[in-house]
Structures are given as structure tokens and as C-alpha cells.
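Encoded as C-alpha cells, the following chain is the form predicted on its own, with no partner shown.
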Amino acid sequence: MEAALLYDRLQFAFTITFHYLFPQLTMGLALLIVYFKTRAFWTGDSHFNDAARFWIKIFTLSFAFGVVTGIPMEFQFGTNWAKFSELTGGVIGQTLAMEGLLAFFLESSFLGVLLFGEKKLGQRVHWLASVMLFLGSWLSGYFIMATNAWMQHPVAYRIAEDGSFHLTSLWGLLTNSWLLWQYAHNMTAAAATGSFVMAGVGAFYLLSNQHTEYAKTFLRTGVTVAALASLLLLYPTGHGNAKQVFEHQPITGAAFEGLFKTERGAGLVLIGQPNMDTLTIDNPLTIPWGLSLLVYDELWAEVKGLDAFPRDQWPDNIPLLYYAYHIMAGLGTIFLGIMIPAWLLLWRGKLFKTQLVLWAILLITPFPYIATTAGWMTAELGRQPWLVYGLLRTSEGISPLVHSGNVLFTLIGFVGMYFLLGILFLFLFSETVNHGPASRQTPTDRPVEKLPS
């Protein structure tokens, strides 16, 4: 049973981590595509239409791979986590169904309009389609976040005699207090991913001296949004998310901060290694009173450590949780340290000629994916040993008739298939970028169309 539980967790962790590489890009790009389509519609400048068309291609590519990798993940609720689905289906089935029937179809339908309806439907409808695409993708994220928020902080439910959970208020589920900060933080991270990729492509074009007009547009847009998103990731969304963890999951908060003993005026550990033998942090670099100030807004506030809670309620992999949290927070700080100076250079008109910063923007492009992966590891490892926090343990949710050998076999299969899918995506992405934005006019000879009356 322990081996089956381990493989079940590994398989779901691998498939959902790989899957989420794609939706975070589409949700981030959806916002930026609306911006380009709006500029094109109100100015009549075909340059922004071509820019939007280029990123719609990238969106479509990522969307397609997200669908392909998302379907097997959904099936695992029945194959690997049947008991969890049986007990909680009356609650999470609501939001998952709404995501599939409402948000996904809204997103996919208007993506088709964007791809094939520009000439037939006109610019006004095409702009509206980009707005609906954005709403569909972000609504999809909301329903998924609502599902996860209920697992982190269960609300609006009752437990039947057979142990199953039943929803008492759909509105209560969709307005879960946990959801506010989690959704804001997650969608800000998606905006960061999309804008970092856009800025990275712009930096690549400018450094290689190709598509320079589009490169400058991508850099202006990407760097501006990336700088703002990097700031919002730290405060208020990251700060608000961390405070609610300490309020509702104090064991989790103590674990990802490496706080083994309850302290007044607890310090904030920047660097260090958790030692599970001595229950201390080795080689710590600490900001005095920092944790008490951040969590409770008081220098001498008491912060409960892991010693205040039973050992069987501790997260089962504290070192991995600790490192995932600090990687996420550390990368967020690095993002701010790169994009704020880049934005200042952009504002002063010097960014396009500062090759060192352009190289930094290009090289940092993949790191939002690492940060979001570490962030989700923090959230999911921190909830352990619970599937539904405080109510249903992870060990109680697996499929009792599926043996460890079967799960290991399918896990190996998923790793192999997804490795090939990853290579295919990178190839298609690089081909699209190398082809560049298709423009029917030269950058210096773009006709300006008047707005329709």
C-alpha cells in the first residue's frame, strides 16, 4: 500500500507539473493578446494586428499541448484516486464540470474565431473574440483554483453518514476566502510567464538583428507587464497568500519557513539547510524578527513552530517543501531585480541598446516555469498529509484495487511519452519563433486605417 501511494503521488505530480507548463503560458498570453488587438482596433495599425497574430499562433500551440496533457491527468481521478473521487465528487465535481463545460468551451470556441474569422467577421468581432478568449482562459483558471482552494481550506460542505462530502452552497465554494489570494497569486504568475516569454522573444530578435520593429514592441510590452507582475507576485499577492497559510495551516507555514521551534520575534531565514536529525537550520542567513513582522506585523509576535504540533501532522517531506518555497521566493526576487532595471532603461530609451540587459532578459525566460513549479510544489507538499486539509488523509484517497506495479508501469509510460511531447513542443515553438511575425507591409510603410464610424 505504501509503494502504491508513493507511485500514485509521483504519477499525479509528474503529469500535473508537465501539464501546467502549457496553461500558464496561455493564460498569460491571453491578456497580452487582448492588449495587441485593442491597440490594433483603436489605432488601425496593422503592426499590432501582426503582433497579435504571431502570439495567437504561440497560444494555439501551447493550448493544444495543454489539452493533450490534461486529458490523462483527469482520468487519474478515476484510475489512481478513486476513493478520493468517490468521497469528494459531490463538491469538486461542481467546479471541475463548470471548468470543462463553460470555461474550456468558451476558450476553445473563440480561439477558433481568432484563428479563422478575421477576414470574414471584421476587426470589431475579432477584437471581441480576443476578449472572450481571455475571459475563458482566466475563468478556467478560477474554477480550477476553486477546486484546489476547497482542498486547502474546505468550506460549504457537510459529511454524510457514509463519509462522503456534499456541497451545501455553490456560492460559498466559489467565494472561498482561501481562493482570493491563491487565484490572484497564480494568475499574476501566469501573466509573468507570458510576459517573460514575450520579452525573451523580443530580446532574441533584437540581439540577432531580425524583426527589429516587432522585437521592440514585444520588449516594451513584455518588460512592462513583467516588471509589474514581478512586483505583484511579492506584494500583495505573495504576502497575502503566505499570511493565510499561517492563519489556516500553521504547520505548513512553519515547515516551509524551516521554523522547528516556537519563537517570539522569529527571524526570516533567507538561506540555510534543514537538518531533520537535529531539527534545526544549518548555516542560516536570517533577517532578525523578519518572520514575526511579515506574518503578524509585530516584531515580537510569537510564531508557532513545528514543535507545537503532533509529528504525524507534519508534512512528510519537509526538506523538499522548504527548498521549493525558497526557490520560488528567491526567483521572485531575482525577477524583480532584473525587470525593474530593464523597465527603467526602457523608460529612459536605453534598453534596446543595452546588450547585457537584453541577454539577461533572454536567459531568464525559462525561469518563471521553474518558479511556478516550485510554487505549486510548496502548496501541494505543504497540504500533506491531507488531501482535504484536516478531513481526508492522502493515504485514504487512493484506489484500493490498483497495485503499485501497475502505477509504476504507467508512470514510466507517461515519462516517455511526455518527454517526446516536450521535444515536439520545443521544436514547433522554435520554428514559429524563427519564422517570425508575418507582416504584409514593411515596418516603415504601414498604412493607418481610420476607425469605423
Partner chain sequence: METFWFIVVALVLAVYIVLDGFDFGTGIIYLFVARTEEERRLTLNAIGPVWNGNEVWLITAGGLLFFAFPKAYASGFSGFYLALILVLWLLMLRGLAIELRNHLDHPLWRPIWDVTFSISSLLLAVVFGATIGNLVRGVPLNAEGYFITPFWTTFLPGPEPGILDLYTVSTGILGATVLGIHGAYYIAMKTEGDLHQRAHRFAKVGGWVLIPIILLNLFFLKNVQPILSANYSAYPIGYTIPLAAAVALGLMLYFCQKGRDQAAFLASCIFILAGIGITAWGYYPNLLISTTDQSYNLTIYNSAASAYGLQVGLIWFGIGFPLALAYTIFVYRSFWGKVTPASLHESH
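Predicted model only: the values in this text are computed from it and were never measured. Residue numbers count along the first chain shown, from 1.
The form predicted together with its partner chain is left out here; the points below concern that form.
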* Can any non-hydrogen atom of residue 72 be found within 4.5 angstroms of its partner chain in the predicted complex? -> yes
* How about residue 395: is it within 4.5 Å of its partner chain in the predicted complex, going by heavy atoms? -> no
* Does its partner chain come within 4.5 Å of any heavy atom of residue 94 in the predicted complex? -> yes
* Look up in the predicted complex whether residue 140 has a non-hydrogen atom within 4.5 angstroms of its partner chain, and give yes or no. => no
* What is the one choice in 214, 183, 204, 104 with a heavy atom within 4.5 Å of its partner chain in the predicted complex? -> 104
* Asked: Just one of 35, 386, 48, 63 has a heavy atom within 4.5 Å of its partner chain in the predicted complex. Which one?
  -> 63
* Structure fact -> Within 4.5 Å of its partner chain in the predicted complex, heavy atom basis, the matching stretch of 35 to 43, 63 to 71, 22 to 30, 387 to 395 is 63 to 71
* Structure fact -> Across 220 to 237, the residues having a non-hydrogen atom within 4.5 Å of its partner chain in the predicted complex turn out to be none
